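One chain comes next, on its own, written as structure tokens: the form predicted alone.
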């Protein structure tokens, strides 16, 4: 089993969807990634920052999930990063109502000494300079996975390109892939992004699944058709946690194993959206995960007679 370093926000979210709304609840990219990766019992460390207002029981929960929190800095006099958003009826688009960086504004990540030799690094969505700061602290990891978003393409593109040049896998959504590459076709977009550095490009298409590109090969993982989607927040991070957690557990970074990791990531993300915030992921059982993987299998397997 490989060690896994997870970098990203540990935060508060307030969410409104057509199904209801929440007050401040636990959120943040690193939170979702860590909880998702914990399904593989990996040796993981979270590198992030919170304020003195962050409940100790949330930190204890991350530890109970097997996450090392030595790299989780607590700025006692500061306030934790906060995001608030409202989803439209289709659940694919949303309006950001508030973003308060708070302690995140001056965050300098420090990777715990015993995790600098980690084989897998999962860079959650943060400023590219912070992501680069983590890469520079690592001792030759075997796999670096990057998650980013259009916001950094708009305001820190050159810094982002430097990070992209150093990673093995990039995960972005279809809109972001088009923006980053300047290409409309996702096949052409992925080819262009691979030229920037990554060996693998994962393009997430929300309710339409995810695509994995490697050289001239393409693999598609469907999204499970769900009767109810309560809250899409954190689904992409849950996907990233399942994807990187599975790879860290198996220690196999081949294209064939990436395909399986993609299915695991998609299966875990399908649970995340069933309740608000992290609620569903915190109550997930191994049996439920196995049942859902079987559903994925039956969704895509078929025999066909070629005439």
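Positions refer to the first chain, counted from 1. Predicted model only: the values in this text are computed from it and were never measured.
There is another form of the same protein, the form predicted together with another copy of the chain; it is not shown, and what comes next is about it.
Residue in contact with another copy of the chain in the model of the complex (any heavy atom within 4.5 Å), chosen from 188, 96, 150, 113: 188. Interface residue among 87, 82, 219, 107, judged by heavy atoms within 4.5 Å of another copy of the chain in the model of the complex: 219.
Proximity of residue 226 to another copy of the chain in the model of the complex: non-hydrogen atoms within 4.5 Å are present. Put simply, residue 263 is close to another copy of the chain in the model of the complex: some heavy atom of it is within 4.5 Å. Looking at residue 24, you'd find every heavy atom of it more than 4.5 angstroms from another copy of the chain in the model of the complex. For residue 138, no non-hydrogen atom is located within 4.5 Å of another copy of the chain in the model of the complex, even though that partner is not displayed.
Residues of just one listed stretch (142-150, 67-75, 178-186, 160-168) have heavy atoms within 4.5 Å of another copy of the chain in the model of the complex: 178-186. Contacts of stretch 273-304 with another copy of the chain in the model of the complex, defined by any heavy atom lying within 4.5 Å, are made by 290, 293, 294, 296, 297, 298, 299, 300, 301, 302, 303, 304, listed in sequence order.
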